[in-house]
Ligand code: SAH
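Okay, here we've got a single chain as structure tokens, the form predicted on its own, with questions on binding and movement later.
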């Protein structure tokens, strides 16, 4: 349940996103109701999962990989002021929007990085330093796992937002997840307001063992030959 100040921040973020999108093409979702559902509500589907898994962690460290215009990261930072969020996005105009939004919304729990995930994954400041990695990026689960799991400390979790092809992606990614030190522990279905049935889910992957140092590979290799 959002407080009124939190709801006000979401309204402010929606206004800012629509305004900046007119010149910077940040998202194809521009209707206020769609922004609320497909960016905000969709992002917040992970809140209960994170709260349950991080019940004993005072200030969970979360990294959002391929965060685009800031989702799910900025939405989680508004709804969960106790988290420490790091948002990683390679596209300059999108990270610049996030910087503007974080400043205007006074989000002091957000760190923004304008780099590719694979370029910082071996940095000791980031590798296996997070309680959670999250991603709504449009990529196959095997690819996302190689980009995200290296950031998670053993015992932590990677949460991936997926749609109708989730089961097929899981089948194709099972070996990759194991190689990277992970194990799928849950699939949580949810539905947005306009949907008549649940076709969406968040896949929870627990980090069991450290990720071998050779991962992640350069993105070209990841994309051409997923694990």
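Numbering follows the first chain given and starts at 1. What you are looking at is a predicted structure, and each value in this text was computed from that prediction instead of being measured.
Here the subject shifts to the form predicted in complex with the named molecule, a form of this protein not shown in this document.
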Inset, instruction - Verify the contact flag for residue 132: yes if a non-hydrogen atom of it lies within 4.5 Å of a non-hydrogen atom of the named molecule in the predicted bound form, no if not. - result: no
**Asked** Taking heavy atoms only, is residue 138 within 4.5 angstroms of the named molecule in the predicted bound form?
**Response** yes
Could you tell me if residue 66 has a non-hydrogen atom within 4.5 Å of the named molecule in the predicted bound form?
yes
4.5 angstroms heavy atom contact with the named molecule in the predicted bound form for residue 115 | yes
TL;DR on 75 to 83, 102 to 110, 152 to 160, 115 to 123: the one with heavy atoms within 4.5 Å of the named molecule in the predicted bound form is 115 to 123
Contact check, 86 to 107 vs the named molecule in the predicted bound form, heavy atom within 4.5 Å, ordered by sequence, gives 88, 89, 90, 91, 94
